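Take a look at this single chain in structure tokens; it is the form predicted on its own.
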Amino acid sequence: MNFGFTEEQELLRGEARKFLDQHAPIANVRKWVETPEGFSRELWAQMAELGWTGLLVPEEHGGVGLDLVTLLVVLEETGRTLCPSPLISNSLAARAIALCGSPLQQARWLPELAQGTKIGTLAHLEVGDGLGVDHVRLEARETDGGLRLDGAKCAVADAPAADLFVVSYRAPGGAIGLGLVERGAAGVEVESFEALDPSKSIGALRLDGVVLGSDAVLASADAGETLEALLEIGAALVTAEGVGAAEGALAITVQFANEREQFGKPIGTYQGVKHPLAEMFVDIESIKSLAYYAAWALDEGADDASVAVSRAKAYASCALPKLGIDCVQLHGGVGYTWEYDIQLYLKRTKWLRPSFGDADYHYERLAALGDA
């Protein structure tokens, strides 16, 4: 078995890094997060031209038709520069429609999502501390013309930029359903919130008498299984992006340790600095291996895919916030100031921890899956 990436994936990694270093350095990121949208539409269009927005979309609908492992390669690089974009959200929306959308729904939405002319996201979380499928409380009621939704979804990633929301709800009879809600539909209100990580846009979706016609209800009979699969994919993808951010934070801290002097020597020569840096490297490599396997297992439909995802996300949710804190501490007091980039990486690791389930959620899930 070949445990490495393909030649094409390594080439993609190199080109992605070159592109992001040129077009999305941290100085540009700082400018973009100060704008109302929080990201660059121009850069998003360039990412679409490169095919990144359509990596998971089948070729017959204008996408590239590749796998999660290939998307993971790109996300590592976007994480390294903290590049703000709705790439994960858009990919999840596209995967939802590809998995259980009708041929007409796929033909309607997938080409636009692949081309980046429309941005999609998953709207699932509600008030409370539950992440899983069992915690969907938004009820759909039968009405003239379809199903009526009244309620809200909170902590919706990239909601301020989204044109299309894949909304989870509980259908009449209690089954889980997934519906497509357009931003401009009657009764739809999108509210933007300030996030801990300024490079991650977040908001709320409020639904007041929104009616889902038959063309807006994703047709699969096993929408609950699809939703569970989307949550697992989301956990794998944010972990991959977190790996890239951790590598970026470590590189910045190593550079600082080699430049900052105390007692006539770079602080990187002291064991009190070298040892934490070495431990960070070990943690990153461990999470990287778990994340790579999780993405591969999801692509292959492996029996242990769910276990692999929770292992990776649980470890990342524990180790990466600690890494962010340690990197700031190794910078000393200046690490907390806005002028230094390392504090932005700390915020990303803090954002990662609860996204698609924190460590407690995934350790409990592992116990339930029999991997205690």
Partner chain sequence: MDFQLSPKEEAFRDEVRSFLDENLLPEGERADDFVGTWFQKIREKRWVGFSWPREVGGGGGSIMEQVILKDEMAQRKAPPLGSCFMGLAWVGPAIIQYGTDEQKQRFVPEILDGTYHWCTGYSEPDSGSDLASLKCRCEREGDEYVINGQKIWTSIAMWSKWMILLVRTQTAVLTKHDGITCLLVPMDTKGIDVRPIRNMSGGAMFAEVFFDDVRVPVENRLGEEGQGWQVTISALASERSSIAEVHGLIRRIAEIGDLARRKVKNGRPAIEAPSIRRRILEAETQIEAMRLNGMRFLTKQLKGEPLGSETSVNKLLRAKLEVDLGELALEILGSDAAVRKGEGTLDGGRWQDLSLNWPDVVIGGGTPNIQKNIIAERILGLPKD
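This structure is a prediction, so every number in the text was calculated from the model and none was measured. Numbering follows the first chain given and starts at 1.
Not pictured, yet referred to below: the form predicted together with its partner chain.
- The three marked residues, Arg206, Ala257 and Lys350, each reach its partner chain in the model of the complex, with a heavy atom inside 4.5 Å.
- Only one of 77 to 85, 95 to 103, 260 to 268, 163 to 171 places residue heavy atoms within 4.5 angstroms of its partner chain in the model of the complex, namely 260 to 268.
- In the model of the complex, its partner chain sits within 4.5 Å of a heavy atom belonging to Asp129.
- None of the heavy atoms of Ala140 is located within 4.5 Å of its partner chain in the model of the complex.
- Although the partner is absent here, Glu228 sits far enough away that none of its heavy atoms falls within 4.5 Å of its partner chain in the model of the complex.
- When its partner chain is considered in the model of the complex, Ala16 lies well away from it, no heavy atom lying within 4.5 Å.
- Proximity to its partner chain in the model of the complex, defined as a heavy atom within 4.5 Å, holds among Ile176, Leu250, Val188, Val211 only for Leu250.
- Counting a residue when any of its non-hydrogen atoms is within 4.5 Å of its partner chain in the model of the complex, the hits in 344 to 365 run Leu346, Lys347, Lys350, Trp351, Arg353, Pro354, Asp358, Ala359, Asp360, Tyr361, Tyr363, Glu364.
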